[in-house]
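So this first bit is one chain, no partners, the form predicted alone, shown in structure tokens.
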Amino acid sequence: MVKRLFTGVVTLMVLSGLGFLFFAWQPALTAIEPPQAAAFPAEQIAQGEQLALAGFCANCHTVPGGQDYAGGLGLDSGFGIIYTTNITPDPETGIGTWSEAAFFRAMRKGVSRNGAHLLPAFPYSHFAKITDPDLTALYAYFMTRTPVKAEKQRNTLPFPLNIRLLQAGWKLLFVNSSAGPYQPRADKSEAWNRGAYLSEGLGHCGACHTPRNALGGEKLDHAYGGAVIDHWLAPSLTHTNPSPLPWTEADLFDYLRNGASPLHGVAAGSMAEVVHMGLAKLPEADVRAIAVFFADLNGSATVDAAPALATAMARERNDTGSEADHGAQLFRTACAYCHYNNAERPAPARPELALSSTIFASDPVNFIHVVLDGIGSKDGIPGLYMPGFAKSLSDDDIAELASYLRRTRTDQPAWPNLIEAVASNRKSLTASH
């Protein structure tokens, strides 16, 4: 009896393994000769360039100071570093031998030309929503870039996460394989549908702004609910955002188009790259459409912001910080000159911290990053600059400053373990530099 049971279990395991292999195996697609640029219409290439900007392809596939689309940028997945690939048409190290069918399969199914499953750091679950004509235009654009020979760096994922075949199981758990290109909603406007298409598909906003489970899958029941990614907090884009004022369509448009919203703050880190390397080059109508989509998602049109604005502007004027409060002293000596406002609304070039999304966030990581590293001239509003204080303020100093501002400028609970958080983020910034 025991022997038969053991044999049955082993047989079942073998059959299950074979079944998984049958499910997971993907054939290699035939390599092609790299097509000539003249094979693609100029207008199709131009359309692909716009789409590549909307998808922020260069942001991930170009290292700072490196050659466009040659890959090599390291992304911290939480499980290890994943290095982006070379997507220039180099036939040996890039995608020069990929047919359009191979390109389509990679974008929609997350499978390379050689049949290997792509890691989910490549957001194919979002790109699956791109329409056929747009994918064709993207293919035309990438196949007409300058070929660059650049070997891929080895990822640091531990065993067994580095086994590509197992990615098929991950897809089975977390990817809707039957989802096709985005389908417009009849009950929404043309602008809303355009914004949804760009945000949910090509722009893959949820890849950063949606929290993930322990295995790295997006928690779709909390879509756009905010997440910490690559040592930054991508805030909630829904009504759960704790900012004192709602992100209106106008606020979102200002932020996405110019890198700053006077009533919320400035773009920094990877979001500054999204704004200035991608969205800034898109047609204004597309950026407006994204703002329309997210303003509807967060319900800002139904919120009266006037009382919250008045309360926020009064907080600084009513603050009588004690001379013994080290955080208050630091603010007055290092921050107040640029951040002081004494009017009913903040000055556009003088961010009001009582309205800052960073100060109201559930995690202090963005505040710590900005204080340590500053806001460069290419972040936020071009031309405006905030120095970093990594060399002049200690971990204790920054923790005291953060605690003071959180206590006096918001109605949110205190951030816990601030000194440890500052030390950890200082270490990560030092490593990245």
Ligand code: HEC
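Only a predicted model underlies this, so the values are computations on that prediction, with no experimental measurement involved. The first residue of the shown sequence is 1; numbering continues from there.
The same protein has a further form, the form predicted together with the ligand, not shown here; the description that follows concerns it.
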Which listed residue (Phe174, Tyr340, Tyr83, Phe79) meets the criterion of a heavy atom within 4.5 Å of the ligand in the predicted complex?
Tyr83
Just one of Ala150, Val292, Ala128, Leu119 has a heavy atom within 4.5 Å of the ligand in the predicted complex. Which one?
Leu119
With the cut-off set at 4.5 Å between non-hydrogen atoms, does Phe40 touch the ligand in the predicted complex?
no
Is Arg406 one of the residues lying within 4.5 Å of the ligand in the predicted complex, judged by heavy atom distances?
no
Quick one: is Arg164 in contact with the ligand in the predicted complex, heavy atoms, 4.5 Å cut-off?
yes
With a 4.5 Å heavy atom cut-off, would you call Asn241 a contact of the ligand in the predicted complex?
yes
Using heavy atoms only and a 4.5 Å cut-off, decide whether all three of Gly55, Pro351 and Leu401 touch the ligand in the predicted complex.
yes
Counting only non-hydrogen atoms, the one stretch of 305-313, 185-193, 244-252, 214-222 within 4.5 angstroms of the ligand in the predicted complex is 244-252
Using a 4.5 Å cut-off on heavy atoms, which residues of 234-264 contact the ligand in the predicted complex?
Ala234, Pro235, Leu237, Asn241, Trp247, Leu252, Tyr255, Leu256, His264
